[in-house]
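A single chain comes next, written as structure tokens; it is the form predicted alone.
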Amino acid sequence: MSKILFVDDEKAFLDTLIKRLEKRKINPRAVYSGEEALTFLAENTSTDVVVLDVKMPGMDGLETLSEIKKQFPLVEVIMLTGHATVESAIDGMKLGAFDYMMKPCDLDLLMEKLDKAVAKKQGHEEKIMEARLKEIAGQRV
């Protein structure tokens, strides 16, 4: 089962989204700030994807994305915002976001993007595992 973290300071929006996803047999986790997201990821290292609000008080989405990519480079991040600008979308993609969506988002489209982001992360993990196995095999020859 994929491990998805949602980060948004709009509690009512996030709680509604979580309930809708749970009806689809997904068990997402939710936190309400960038700082909480980094703490959660440090304690839950098998998280696959973060869906991250861009505009939040304190550490905003772009700052949080930058820290996620530094500390947890394999975690894929989908940026989500109701205040998108071309500049923030470009900045997010430059920092390594997997994709960018507008609020309110279509749930089917979000599910599709989550599946693709999880597949990308798993592909990277498989490549790392293959490289490690080759390294170990090379050391035995």
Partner chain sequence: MEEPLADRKGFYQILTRKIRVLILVVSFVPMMLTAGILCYRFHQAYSEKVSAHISELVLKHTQNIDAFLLEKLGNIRYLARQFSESNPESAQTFLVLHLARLKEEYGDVFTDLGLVNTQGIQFAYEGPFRFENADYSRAKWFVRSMESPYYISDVFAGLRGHPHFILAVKVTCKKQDYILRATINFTAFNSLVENIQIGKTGAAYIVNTKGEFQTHARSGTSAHIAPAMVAKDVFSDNNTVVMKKADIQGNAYIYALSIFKNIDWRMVFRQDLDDAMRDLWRAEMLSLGIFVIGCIAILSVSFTLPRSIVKLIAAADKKNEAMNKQVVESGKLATIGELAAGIAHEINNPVAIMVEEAGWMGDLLEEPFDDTTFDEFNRAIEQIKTQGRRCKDITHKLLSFARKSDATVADIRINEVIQQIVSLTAQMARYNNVSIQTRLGPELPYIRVSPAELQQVVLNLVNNAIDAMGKEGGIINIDTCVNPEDSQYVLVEFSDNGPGIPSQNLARIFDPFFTTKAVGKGTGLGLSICYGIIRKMGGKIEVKSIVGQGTSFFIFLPIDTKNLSFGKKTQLEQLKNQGENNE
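Residue numbers count along the first chain shown, from 1. Keep in mind it's a predicted model, so treat the numbers as computed, not measured.
One more form of this protein exists, namely the form predicted in complex with the partner chain; it is left out here, but the text below deals with it.
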{"item": "Complete contact of A12, E87 and K103 with the partner chain in the predicted bound form (any heavy atom, 4.5 Å)", "value": "yes"}
{"item": "Partner proximity in the predicted bound form: P73 to the partner chain, non-hydrogen atom cutoff 4.5 Å", "value": "no"}
{"item": "R29 within 4.5 Å of the partner chain in the predicted bound form, heavy atoms", "value": "no"}
{"item": "4.5 angstroms heavy atom contact with the partner chain in the predicted bound form for D99", "value": "no"}
{"item": "The partner chain contact at D60 in the predicted bound form, heavy atom, 4.5 Å", "value": "yes"}
{"item": "Residue stretch of 38-46, 51-59, 111-119, 65-73 approaching the partner chain in the predicted bound form, non-hydrogen atom distance within 4.5 Å", "value": "51-59"}
{"item": "The partner chain in the predicted bound form - contacting residues of 9-43, heavy atom within 4.5 Å", "value": "D9, E10, A12, F13, T16, L17, K19, R20, K23, R24"}
